[in-house]
Ligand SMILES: CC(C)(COP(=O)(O)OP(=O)(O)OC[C@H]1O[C@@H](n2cnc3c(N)ncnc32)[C@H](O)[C@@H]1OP(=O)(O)O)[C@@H](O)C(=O)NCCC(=O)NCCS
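Quick heads-up: it's one chain on its own, the form predicted on its own, in structure tokens.
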Amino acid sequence: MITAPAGVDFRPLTAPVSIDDADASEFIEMVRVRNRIYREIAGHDDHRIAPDELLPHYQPDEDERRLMWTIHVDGQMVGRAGIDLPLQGDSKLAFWLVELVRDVWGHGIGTAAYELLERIARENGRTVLQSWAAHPDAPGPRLAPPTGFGTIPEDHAARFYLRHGFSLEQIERNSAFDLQGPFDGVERLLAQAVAASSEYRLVQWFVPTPPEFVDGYAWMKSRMATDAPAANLEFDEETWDAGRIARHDSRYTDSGRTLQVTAAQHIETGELCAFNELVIGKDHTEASHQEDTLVLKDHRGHRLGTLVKCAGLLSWRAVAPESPRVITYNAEENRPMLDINEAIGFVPIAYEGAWKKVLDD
């Protein structure tokens, strides 16, 4: 039994099929509150998203079950709580979030929301709970993960996790690249990468993924869960096929967002072996986001990470010439990728903590 503070209630959120549906108002308000919370934390709107662009990510999905509650105080929406339950195999994982506007911090609302999510995780047989949170720099005591890379302040969010039995496992760096600045360094690095990767060619597309690239793209996406540095976090091995690629692509195409994939293809075998994704919403004056980037293990050492990142950025100028910057995230211990980013001109702007708790039987 979850006991919420007086005047607080949690309402299960059912996503509408279309943002124009009569029952879309609760979803639209949830996105407005989400954007406000991210602005309060970061101090900018680079993480903002429009309701119709977020909606495809809340449609039924055979790969995971996403549950969301809106949080209300005296009838006013002040936050949200959500949990994602992967559906592949016999997964023991649950990924969750509790987000509240700053005005209602410190009243036990977050604790009540977390207790709801832990109960749902237990009811679904999940024993490993993982969550990420932004930790803006602040004076005072700091926490370091077991990786030994990076620290975060022991702030309001960190104390919340520690109080509920979570351990800090990893720190992610949030970096930005100025799209309105000079590209001389990007061009120079691309030329060097091309010279070092003569056995590979660049290929590029916008989703939906062309048929000839579906299988290779699916294999690379499946490796994101296993090949990227994960510290002591746990991730299930993922299966990606043509159907999952189609569902993935539709989350962008259905709402008018643009996703560009830049990949390296091994000339002799035709294998896709490295890729980089850049995304922007319908408003091309907003920030762009670099999503997945990976070089398959067997093809590392040929500067393919630099190749796909630089080629992607150079072509992106024509795609979104008014976008001010590209935002990306990397594990703080992922020095190979951070070295590439730093050489290109990405600068750190914020840090996130990755938190984990293993439930007792």
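Residue numbers run from 1 along the displayed sequence. None of the values given here were measured: they were computed from a predicted structure.
Beyond the structure shown, there is the form predicted in complex with this ligand, which is absent from this document and is the topic of what follows.
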- Query: So which stretch, 281 to 289, 169 to 177, 95 to 103, 199 to 207, is the one near this ligand in the model of the complex (non-hydrogen atoms, 4.5 Å)?
  - Reply: 95 to 103
- Task: Check whether residue 247 has any heavy atom within 4.5 Å of a heavy atom of this ligand in the model of the complex, and answer yes or no.
- Result: no
- Answer with yes or no whether residue 185 is in contact with this ligand in the model of the complex, where contact means some heavy atom within 4.5 Å. no
- Message: So, residue 143 and this ligand: in the model of the complex, are they within 4.5 Å at any heavy atom pair?
- Response: no
- For residue 219, is any heavy atom within 4.5 Å of this ligand in the model of the complex, or not? no
- Query: Within 4.5 Å of this ligand in the model of the complex, heavy atoms considered, which of 149, 240, 252, 161?
  - Reply: 161
- Sort through 88, 111, 124, 226 and report the residue having a heavy atom within 4.5 Å of this ligand in the model of the complex. 111
- Task: Sequence order please: the residues of 123 to 140 with a heavy atom within 4.5 Å of this ligand in the model of the complex.
- Result: 131, 132, 133
